[in-house]
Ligand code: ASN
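As a starting point, one isolated chain is supplied in structure tokens, in the form predicted alone.
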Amino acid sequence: METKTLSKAAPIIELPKPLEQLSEGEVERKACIGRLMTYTLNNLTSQFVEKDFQWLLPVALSQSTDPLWPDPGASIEKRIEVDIYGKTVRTTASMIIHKLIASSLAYPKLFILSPNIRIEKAERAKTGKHIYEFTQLDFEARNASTKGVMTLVEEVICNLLTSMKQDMKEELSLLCRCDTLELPKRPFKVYDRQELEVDYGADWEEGIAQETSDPVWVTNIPREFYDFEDFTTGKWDNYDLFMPQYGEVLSGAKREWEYEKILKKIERDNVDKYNYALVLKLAKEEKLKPTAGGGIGMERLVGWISGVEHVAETQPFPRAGNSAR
């Protein structure tokens, strides 16, 4: 099959201005996006609580944070490390390891508004999709399946949009999203990453984001050791959710829980076993359970809903490029 040519190169997006530089009209727009963020946070957390998920507190510093390797989509410039009581810990890149452990041992269904700090290459800020500090609604469920997670996510997002279009008409109108923000049809379409690589080549993420008009799932993405991989077929039991023109807003997977597989993958990927000693110990003792979950990027989700050019517009203090305040 012939590889498709993307319609145009990804544009360079200007970084959002800080609060003190905004005009009166820009401040009104900023406040409007903030109200949509508030509505989204309240709606989604309420839905998860109603579905018997326990709301846990986040972890900001950890030894066992996401290695972000060998994920080809990661572009980490540096990692922030600090010594606490003689042990090196890092700012949280994601709480996947914590979710796996917590769901296995004590909280069968959980969610967290989790901080993520990822100092990526500076040029990625110009894509409009990358910020170095963001928040995920991270969730995990024991004995959950990929299909079950997809159904859950589709339900909560469609419920959110249905309610928002009823309750937030003024805000959506100000942002010119009343008519363009449509309720997606369920179930969302599912693509295999290998099929997209045939169609679009290495830029399949940009390709599917440009061409789809509805949210779509992409499965079978090679990633870190904690995502479930079938050694027989080479397939990965994971899934990302992509929004039209905006890209990935959720990343998730069924998790590895068996000791031999986790150890083999850590060694294969040249990941430091010391940082994941607790995971290995629990797996060896057969205390890890099969779980599945994901993380919804709140800035990207609200950015898509709002129709912003740069995802950092959804933050009161933009966390992109050299915009730190």
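Being a predicted model, the structure only gives us computed values, none of them experimental. Note that residue numbering begins at 1 and tracks the sequence as displayed.
There is also a form predicted in complex with the ligand; it is not shown, and the following applies to it.
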Sort through Arg118, Arg142, Arg90, Arg124 and report the residue having a heavy atom within 4.5 Å of the ligand in the predicted bound form. Arg118
Quick check on this chain: which one of Ser251, Gln210, Asn220, Ser104 has a heavy atom within 4.5 Å of the ligand in the predicted bound form? Ser251
Quick one: in the predicted bound form, does every one of Lys99, Tyr226 and Gly294 get a heavy atom within 4.5 Å of the ligand? yes
Among 38-46, 62-70, 264-272, 283-291, mark the stretch whose residues have heavy atoms within 4.5 Å of the ligand in the predicted bound form. 62-70
I'd like to check something about Arg255: if you look in the predicted bound form, is any of its heavy atoms closer than or equal to 4.5 Å to a heavy atom of the ligand? yes
How about Thr135 - does it come within 4.5 Å of the ligand in the predicted bound form, if we only consider non-hydrogen atoms? no
Partner contact for Ser94 in the predicted bound form: the ligand, 4.5 angstroms, heavy atom: yes
